[in-house]
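Below, in C-alpha cells: the form predicted alone, a single chain.
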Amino acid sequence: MKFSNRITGLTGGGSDGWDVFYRARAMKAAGEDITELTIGEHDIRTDPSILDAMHAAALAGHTGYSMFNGNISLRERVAKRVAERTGMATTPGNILITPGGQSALFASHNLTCDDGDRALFIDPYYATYPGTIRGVGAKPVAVPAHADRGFQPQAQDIKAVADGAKSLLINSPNNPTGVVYTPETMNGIARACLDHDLWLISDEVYDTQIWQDAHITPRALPDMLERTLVIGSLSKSHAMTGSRIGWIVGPEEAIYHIGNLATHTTYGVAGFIQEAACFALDQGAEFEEMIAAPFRRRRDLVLALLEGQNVVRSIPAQGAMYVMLDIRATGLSGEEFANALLDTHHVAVMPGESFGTSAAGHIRVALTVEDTALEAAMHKLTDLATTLAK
C-alpha cells in the first residue's frame, strides 16, 4: 500500500538536527544522570488549583461534546484578555478555541494556503513550522534572520522571497532565540505583508514572558487587523502544556471558516478542559507573572554567570524560557559542541542547527531546571567552551 506524499514528506527528509536530544533521552532511560536543558517544558507543573477546577468540571458533567469553535464562556475570557493586553477591541467572534497552539498553527495555514502555495517563515524557527506548512500541502520557504542583526528579521529579506507567497509566520518572543521583535522590525514585517498581500500568522504563545522591552502584536499595527491571525495558548502562560488548550484571534470571517475546519477535524476541545481554562484565566495577570517568574530569575542567573568570560556570548535574552548562546569561538558547530557537552558533562542542550541554518554555531539553553542545577550546568558549559577555545 502507498502512503500519501503529504504524510511521507512531512518532515522534509534528512536529519532534523534533534539527534542530540534523542541521544540524551536514551542515556537518561539507561540510568545515566543527565541535566536536560532541551525542551520548553515547565519544571513546575500545572497549579493544583487548575487541576481541581478541571476535576470538578468533569464530575459536574462537562464530559460530552463541547462547541466545536469553543464554549462562549472561554471565548469571552480570551477576548477580554486579548483586548486588555493589546488595546485592540476583540469579541468572542474573533476567537476560535483549539487543542493547543500547534493545532492553531495548522488551522491557520489551512485557511491561508492552497496546495502548492509558498508559505514563508522566519529561520531560526520552532521545530514544527516547516512540517506544519507541508502538512497543508504548501511549500515552506525560510526567511533568514541573521545573528549579526540580533536575529531580528529584516523587511528586505522577507520581500526578497515574498513574490507569489500567501503567508508569513513569525514568532515573538521568539523560540529558540529569546529575542523580542523591535517596533522597527514589526513595522518592517507589516510593510512587507502589505506590499506583497501576505497573511501574517503571529505565534505569540510566549507573550507573558517578556524580560526586556515590550511585546508588539502586529494585529495592532496600521492596516494589519484584517490580514493577521494571532496564535495564543495557555501552555506557557499557565504551565498547561498537556491540557492542549489554545486559540486563534482573527477577523470574524476568517474565524468562521476555520470553525468549519474544526467541525471536520478536532470537533472541539473537551468541556472540562475549557472550564479549567476559564478558571485559569480568571486568576488574572498576577498568576501569569508567578508562572513566568522562575524563567526571569534563571535568565538573570545565566547572564550573570556569563560575565567575566568572552568565549560564550548570549544573544539578547529578552523573552521566552530560553537563552541562545553563541559558541563559535570554540571552533565547533552547535551540534558538535552539544554532543561534546553531553559526552563530557552529561548536560543536554539543543544545537542551534536544530532550528534551521541561521543559528548554526549557537546552542539553545532551556531554563527549565531548578536554579542550583542550572548554575552547575552553566559552569560545565562555560568550562568546556573555554577549554575548547584554547
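What you are looking at is a predicted structure, and each value in this text was computed from that prediction instead of being measured. Note that residue numbering begins at 1 and tracks the sequence as displayed.
The form predicted in complex with a small molecule is left out here; the points below concern that form.
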{"query": "Option from 296-304, 203-211, 148-156, 263-271 whose residues, in the predicted complex, bring a heavy atom within 4.5 Å of the small molecule", "finding": "203-211"}
{"query": "Heavy atom within 4.5 Å of the small molecule in the predicted complex - the one residue of 130, 100, 218, 92 that qualifies", "finding": "100"}
{"query": "Selected contact from 167, 318, 171, 237, since only one has a non-hydrogen atom within 4.5 angstroms of the small molecule in the predicted complex", "finding": "171"}
{"query": "Check all three, 106, 138 and 257, heavy atom within 4.5 Å of the small molecule in the predicted complex", "finding": "no"}
{"query": "The small molecule contact in the predicted complex: residue 244, any heavy atom under 4.5 Å", "finding": "yes"}
{"query": "Touches the small molecule in the predicted complex: residue 228 (any heavy atom, 4.5 Å)", "finding": "no"}
{"query": "Distance check, residue 175 to the small molecule in the predicted complex, heavy atom within 4.5 Å", "finding": "yes"}
{"query": "Any non-hydrogen atom of residue 121 within 4.5 angstroms of the small molecule in the predicted complex", "finding": "no"}
